[in-house]
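Here's a solo chain for you in structure tokens, the form predicted alone.
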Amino acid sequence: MAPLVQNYVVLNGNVELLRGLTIAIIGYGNQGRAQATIMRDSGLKVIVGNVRDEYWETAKRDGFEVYEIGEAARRADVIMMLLPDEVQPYVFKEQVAPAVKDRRVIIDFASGYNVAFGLIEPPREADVVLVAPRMIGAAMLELHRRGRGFPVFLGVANDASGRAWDYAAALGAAIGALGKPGGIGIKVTFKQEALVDLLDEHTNWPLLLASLMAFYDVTVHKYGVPPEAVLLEMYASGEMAEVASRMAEMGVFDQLRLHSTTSQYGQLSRALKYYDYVRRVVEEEAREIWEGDFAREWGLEQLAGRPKFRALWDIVTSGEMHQAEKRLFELMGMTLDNK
């Protein structure tokens, strides 16, 4: 019996919908380079819009026609906004919006953030879609070479043509996500994508960082364990990365069976012990994201020149744990980037 596919799941898209259209990649960073390369391999016409920097030169060396951002947008039928979130609003307002005024184009975002929180207001006559890969650019290219797909979130903020969902799925296939083994698209709203993306960054990873920092302080300073032993046990041996890889392959809970029963009992019993507290943290962070509090906070931080951002980096990089990491990695013949 075939598995049930929910109505929010997309497994393929029709790349032929994009034939004959000019696709402008705005921002030739990791995602821009990967998506441009895969779409060109799909036989589509791709140009690049970028400022005149090293990414401009890289795009030219890669064989793409490269233009100033406004000119690329003017030439395009499909505009893919792949710039960092923090610079997108200004670039869109000053360079992209004037180039697409009164034109029916397709505007694609790889993140829902700016549209969801009103930092970008795309024109109503455009199809505005979300094609958000859940994969870094280098991995996308590697999977493409192996003939495999990857997960992608798909959304529509404005359906001027009546075919915006079809275009979103077509772009998902064109960048190598859909229509291949391992590829799956999930329909979400722009705001839902922003929520889960930010909430992962505001809960899972910060809670892990806080746990690692507290683990280090308690074991080293209260129980006298050598710092190198602590760092190796936590993550520096690579075991944590292997566990994360098994989670992606087997699921969070089934991978536990690869651990000892002592480990299984400790992890499960403590996860349920901490759940209520962590749930409250997650709910509060989700509320702040959904109601726009974080977008306002981060916007003000950028307007002020990012003083808190720099201070946070100073705190962690000058701390004892970071210095211990540097010593350990030097002993292991590795280097630690301290930028």
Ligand code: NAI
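The shown structure was predicted, so the numbers you read here are calculated from the model rather than taken from an experiment. A residue's number is simply how far along the shown sequence it sits, counting from 1.
One more form of this protein should be noted, the form predicted in complex with this ligand, which is absent from this view; the next part is about it.
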| query | finding |
| --- | --- |
| Heavy atom of each of P84, Y90 and G137 within 4.5 Å of this ligand in the predicted complex | yes |
| Contact test in the predicted complex: Y55 vs this ligand, heavy atoms, 4.5 Å | yes |
| This ligand contact at L143 in the predicted complex, heavy atom, 4.5 Å | no |
| G29: touches this ligand in the predicted complex, heavy atom cutoff 4.5 angstroms | yes |
| Residue contact check: P133 to this ligand in the predicted complex, 4.5 Å heavy atom | yes |
| Contact assignment for this ligand in the predicted complex, among S111, T219, Q255, Q192, heavy atom within 4.5 Å | S111 |
| Partner-contacting position among A271, L312, V51, V282 - heavy atom within 4.5 Å of this ligand in the predicted complex | V51 |
| Interface segment, criterion being heavy atoms within 4.5 Å of this ligand in the predicted complex, picked from 43-51, 300-308, 272-280, 287-295 | 43-51 |
